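Next up is one chain by itself, shown in structure tokens, the form predicted on its own.
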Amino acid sequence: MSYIKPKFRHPGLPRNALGITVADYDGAISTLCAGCGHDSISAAIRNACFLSSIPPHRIAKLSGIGCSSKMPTYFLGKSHGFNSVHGRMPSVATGASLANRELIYIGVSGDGDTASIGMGQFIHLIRRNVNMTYIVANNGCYGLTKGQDSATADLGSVSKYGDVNPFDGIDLASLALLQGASFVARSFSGDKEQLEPLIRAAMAHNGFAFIDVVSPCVTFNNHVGSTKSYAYTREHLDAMPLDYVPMCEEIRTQYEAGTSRGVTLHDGSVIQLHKASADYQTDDRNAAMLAVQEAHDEGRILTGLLFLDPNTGDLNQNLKLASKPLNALSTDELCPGSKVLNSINQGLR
């Protein structure tokens, strides 16, 4: 059976700064299981783009293979998109970013797509600091192949079939911190009040922004004994509430020290962190790694903005590439002539 989304929209829908409604950021109707956390992530991405007033045609969606990688179909139907092969989305994202830095890149992946077959590419994506938002919908299992444990399944977690996982799970947020990612966050698919501002901040960040989202699989990993079920996550959540505030003159000095920390990003916008503890610093990588490990040891899931380096340079800046998209360069710019080529060759001798 096929479903068609109705074109009629309520005339009173709110409009953003572009004069368009959230319906203009919709995609196709989801074919994922009812109640899947991935659909909540799709909705959060859609709402974040709407609230930030980003034109849909300025966004490129990228994904690999898996339930998570089907998600771009369900949001931003008027944006660019590329569905790559399993674990290879980072290569496509790197090439696209180098070819046209004017687009905003959103990569959507899963725990299998990132932590298993795509691990090698994921590490180099961080190392190169590609300017993109990378979201992992992390459910700890392979939903498309009947629920086997993935590489992020926690030690001792029980599968739907009663098997106990004997291996330590890969903590992607800790890995991103260790590898040097300039923006690292974790959230829960059922907490849109935290997830939406995190996504808005990630899209405004200059460089690689990573968000690990615990997203329960209602079919294969939402039972007693699973550490990535809705019930377990809600019981063990250690959340830092967040707010994203676009830079405006009248709000620059309205936040008291000790209650929140505002960090100015490169585009002039601000990520506002309401601290879980008075001494937590988002610009201390070592402290962030320690906080994640302590939460893990105590059986808690630490969420929120874990680390942010606002002074980082992305891949295009580090390689000193042209700011103009490659497809917009003229023939004269691409082929400047033998005189210029000879001078370049002389400089390399």
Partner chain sequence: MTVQAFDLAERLQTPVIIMSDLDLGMNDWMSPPLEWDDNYRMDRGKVLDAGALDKVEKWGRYLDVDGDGICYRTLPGTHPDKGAYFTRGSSKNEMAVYSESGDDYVQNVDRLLRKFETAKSYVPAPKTHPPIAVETPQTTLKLGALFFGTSASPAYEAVEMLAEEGFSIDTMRIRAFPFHESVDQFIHDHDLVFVIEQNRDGQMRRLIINECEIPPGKLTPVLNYSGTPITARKIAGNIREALSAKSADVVPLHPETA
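Positions refer to the first chain, counted from 1. This is a predicted model, so every value here is computed, not measured.
This next part talks about the form predicted together with the partner chain, which is not shown.
Only one of His80, Lys192, Arg128, Arg101 lies close to the partner chain in the model of the complex, with a heavy atom inside 4.5 Å, and it is His80.
For the options Thr73, Thr219, Ser159, Thr94, the one in contact with the partner chain in the model of the complex, meaning a heavy atom within 4.5 Å, is Thr73. Contact annotation for Lys324: none of its heavy atoms lies within 4.5 Å of the partner chain in the model of the complex. Within this chain, Arg46 is remote from the site of the partner chain in the model of the complex, having no heavy atom within 4.5 Å. The shortest heavy atom separation between Gly337 and the partner chain in the model of the complex is within 4.5 Å. A residue is said to contact a partner when one of its heavy atoms sits within 4.5 Å of a partner heavy atom; Leu341 meets this definition for the partner chain in the model of the complex. Across the options 113-121, 80-88, 230-238, 147-155, residues that bring heavy atoms within 4.5 Å of the partner chain in the model of the complex belong to 80-88. Applying a 4.5 Å heavy atom cutoff to the partner chain in the model of the complex picks out His57, Arg58, Lys61 from 45-63, in order along the sequence.
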